[in-house]
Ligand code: AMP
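Shown next as structure tokens: one chain only, the form predicted on its own.
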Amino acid sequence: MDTKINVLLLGSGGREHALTWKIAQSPFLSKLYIAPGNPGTAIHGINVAINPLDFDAVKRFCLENQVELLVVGPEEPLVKGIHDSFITDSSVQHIPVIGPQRKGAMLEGSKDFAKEFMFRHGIPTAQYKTFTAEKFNQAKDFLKTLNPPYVLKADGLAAGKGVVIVSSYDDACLNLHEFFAGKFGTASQKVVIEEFLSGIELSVFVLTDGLSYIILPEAKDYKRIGDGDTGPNTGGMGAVSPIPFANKDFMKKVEERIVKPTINGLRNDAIPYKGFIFIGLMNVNGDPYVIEYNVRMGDPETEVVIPRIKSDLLAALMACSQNRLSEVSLEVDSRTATTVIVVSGGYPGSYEKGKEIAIPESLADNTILFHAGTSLSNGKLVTAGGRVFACSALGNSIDQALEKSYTLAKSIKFDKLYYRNDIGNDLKKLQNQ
């Protein structure tokens, strides 16, 4: 690549700040725009006040600003067909999009679609059945055939919160009723009930052009709000990469049993795919099983995966857009990356916005503060979301990285601030065994 290009990245969270931070380091970048972005992304690029779901506005901006690559951060524009909108519009179809077309995005847009895909292509996953409200009694009967705990998933997008795991049959029936009654809107009109897999979760990330693929560093995130994995699920309270148990043997199983059949399955099903695939896995006694697919990078995993990538991410994305991914090899930092998420009090329930924030003027070496839910109000930095910051750090061990992440978290000040105190503790025990 000899020329420099203009890039537009869609999104406004911690994931997008991490991607912005990395893309901005590329010598191949001319201008980086982020829509709508946040005060953190504005450090590395130019924020533009465009809603990522307003496809016409996105296209207009791309044409007016000579954008040569569109990178889609969150899942909703992909599931709603932004890539399809570009390739069917002659004025913008020359602009490559990183992120699958709507058909491929259904891997995340519909849990039922994803499970059918896995079963069709022999990809290891939990047994399941899908039900609609009129099949409520059959759903209750199916629950009786399973051993507790019970796993219920809203079929559609529910911002990472549409999964419930309960230990009693009565609670499962109650939750099932709530799902069908519209707990997650249209997302829970269909509910996937599946067997519970017991093990340790991790996330594996793949970038593919539909033919070749590269596997990015793996990570483990922490979904529950409270220490000791207690309380309701959130979008993620922290993450660690790499994972002590994800050794070469385990990752070889992941590649052979899951990554390759996924890429081949997409091709065999005539589903074009250019972009990231997030594979949520369960390590069950040393064997990987797929819990879910996402069609973009995970959040907060991106905030530990991206800092470990030494190679030029923009060069890899350009190669992906041009079907040249087979030419790319990824250099990965061997150190551990951790992130601790600082959230607004009350999250994932109701919380107040607009709290004034104080952050340190300078950061320690090998620490990065990613903005996830902040905005500017009268020139002051204020809270604007449930997850406010990702405090990321690199270290020679999990302990060393976590010490830096927590030192950074403690230096942030705003009213009702909260973070978990036990991120990575389970992995430290594994590492020390």
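Residues carry their position along the shown sequence, with the first being 1. Just so it is clear, the model here is predicted, and its values are computed rather than measured.
Another form exists, predicted together with the named molecule; not displayed. Remarks below refer to it.
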| remark: Here the chain appears without its partner; judged in the model of the complex, the stretch of 180-188, 135-143, 337-345, 149-157 with heavy atoms within 4.5 Å of the named molecule is 149-157
| Is Phe196 close enough to touch the named molecule in the model of the complex, meaning at least one heavy atom pair within 4.5 Å? | yes
| field | in the model of the complex, Lys111 touching the named molecule (heavy atom, 4.5 Å) | value | yes
| query | Is Ile165 one of the residues lying within 4.5 Å of the named molecule in the model of the complex, judged by heavy atom distances? | reply | yes
| message | Quick check on Glu201: any heavy atom within 4.5 Å of the named molecule in the model of the complex? | response | yes
| query | Exactly one of Leu313, Ala126, Val79, Ile357 has a non-hydrogen atom within 4.5 Å of the named molecule in the model of the complex; which residue is it? | reply | Ala126
| said: Only one of Lys103, Arg308, Lys223, Arg257 gets a heavy atom within 4.5 Å of the named molecule in the model of the complex. Which one? | reply: Lys223
| field | Residues of 273-297 having any heavy atom within 4.5 Å of the named molecule in the model of the complex, listed in sequence order | value | Met282, Ile291, Glu292
